[in-house]
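The chain below stands alone, shown as structure tokens; this is the form predicted on its own.
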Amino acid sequence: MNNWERFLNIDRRWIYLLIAIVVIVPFFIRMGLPVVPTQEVRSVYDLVDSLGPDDAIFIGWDFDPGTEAENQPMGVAVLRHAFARHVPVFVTAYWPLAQGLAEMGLASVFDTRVPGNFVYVPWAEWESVRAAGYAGRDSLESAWEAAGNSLPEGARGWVFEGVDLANLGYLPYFSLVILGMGTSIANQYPTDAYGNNLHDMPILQAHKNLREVDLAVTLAGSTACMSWVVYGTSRVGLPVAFGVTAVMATDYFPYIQSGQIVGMMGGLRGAAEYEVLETEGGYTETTGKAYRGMDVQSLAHILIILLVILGNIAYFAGGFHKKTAMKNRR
């Protein structure tokens, strides 16, 4: 048996071992393979980057656990960007299980053990500051710190529930909920996911309906994202951006070309591109899980391509194509 034949008859367990190595190593050693942001992702980033405390966005957790690996990093990246710019964020969930995923995404942004994260201040905790009165986001932060509160080392800033964030949670028949929010958000959600009265929250007083919201980013692993276009964009002119799985992305490029959506993050790569833009913009010190996941995915693809090329070289260099042709003649 020559070397080419040995290669073609290699024990498949060696291939599994190689795949395991290239998948595991990037989790411990950052490879830093290049990810170049595309225009469709940059369009979403640029719009969020143009907003401030007087604006607001919706982030819809419109996926279930089956697509969490692709969709969750997108939501976390947009949350970080919005909070860094003090853009008020409404969080909603299309599916019952998505509410838990949304809370997991928020928890990862509020984990102060990680440098660059944000400190979450629940609605009830800053009641005394609220009762004393404040005028605007900056005065609220000053009053909160004057009351003896300080940011932990490495934390990027405060996120005040009711001003910077309203987690609305899940409601059934969500398409009708979007339609209703075109008239009044608070009528659809009298309380948030934690039972707080939304009518009292400054974020609801400043943004009473979808006409007063500047962007909705829907993260979806199904056609649930289309509800935002049909009932948000078409009815009230709400700008919408998609964060969808890689296999869905090609279906929605026509919506970008027609101007029906602002832009799109497609799959894990789309989330990694957004993380790259955030790092370049100075909002994060380093890229996150999506970028590392792209290292894993890229290395695995490179290995598979190399094995395919080597297999074909071995097949022809070893003369096995001739043997196969002779067998077919017989």
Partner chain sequence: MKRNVPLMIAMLGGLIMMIQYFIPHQASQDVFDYYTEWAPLVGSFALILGVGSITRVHVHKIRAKAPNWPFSLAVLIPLYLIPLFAFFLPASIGGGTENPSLFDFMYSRVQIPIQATMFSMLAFYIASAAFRAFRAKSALATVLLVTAVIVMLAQVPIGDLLGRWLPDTGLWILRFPNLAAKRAIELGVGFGMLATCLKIIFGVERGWLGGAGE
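What we label the rigid core is the largest C-alpha set whose atoms superpose within 1.5 Å from one form to the other. Numbering follows the first chain given and starts at 1. Please read these numbers as outputs of a predicted model, since none were measured by experiment.
Just so it is clear, the following notes concern the form predicted in complex with its partner chain, a form of the same protein that is not shown.
K.L.:
Of Asn149, Thr112, Asn196, Thr183, which one comes within 4.5 Å of its partner chain in the model of the complex, counting heavy atoms only?
P.N.:
When its partner chain is considered in the model of the complex, the option within 4.5 Å is Thr183.
K.L.:
Can you tell me whether Gly281 touches its partner chain? I mean in the model of the complex, with a 4.5 angstroms heavy atom cut-off.
P.N.:
Looking in the model of the complex, residue contacts with its partner chain do not include Gly281, since no heavy atom lies within 4.5 Å.
K.L.:
Indicate whether Gly66 is a 4.5 Å heavy atom neighbour of its partner chain in the model of the complex.
P.N.:
Gly66: contacts its partner chain in the model of the complex.
K.L.:
I'd like to know whether Ser50 contacts its partner chain in the model of the complex, with contact meaning heavy atoms within 4.5 angstroms.
P.N.:
No, Ser50 stays farther than 4.5 Å from its partner chain in the model of the complex.
K.L.:
Test of understanding: in the model of the complex, would Thr286 fall inside 4.5 Å of its partner chain by heavy atoms?
P.N.:
No, Thr286 sits far enough from its partner chain in the model of the complex that none of its heavy atoms falls within 4.5 Å.
K.L.:
Thinking of Asn9, Gln297 and Tyr315 as the candidate spot, does its partner chain come within 4.5 Å of a heavy atom on all of them in the model of the complex?
P.N.:
Every residue of the spot touches its partner chain in the model of the complex.
K.L.:
Among 129-137, 81-89, 116-124, 169-177, which stretch has residues whose heavy atoms lie within 4.5 Å of its partner chain in the model of the complex?
P.N.:
Within 4.5 Å of the partner lies stretch 169-177.
K.L.:
Though the partner is not shown here, which residues of 230-263 have a heavy atom within 4.5 Å of its partner chain in the model of the complex?
P.N.:
Result: Ser234, Arg235, Thr250, Asp251, Phe253, Pro254, Tyr255, Gln257, Ser258.
K.L.:
Superpose the two forms on their rigid core, then report whether the C-alpha of Leu33 is displaced by 2 angstroms or more between the shown form and the other one.
P.N.:
Comparing forms between the shown form and the other one, the Leu33 CA shifts below 2 Å.
K.L.:
Determine whether the C-alpha of Ala69 shifts by 2 Å or more between the shown form and the other one once the rigid core is superposed.
P.N.:
Stays below the 2 Å threshold, so no.
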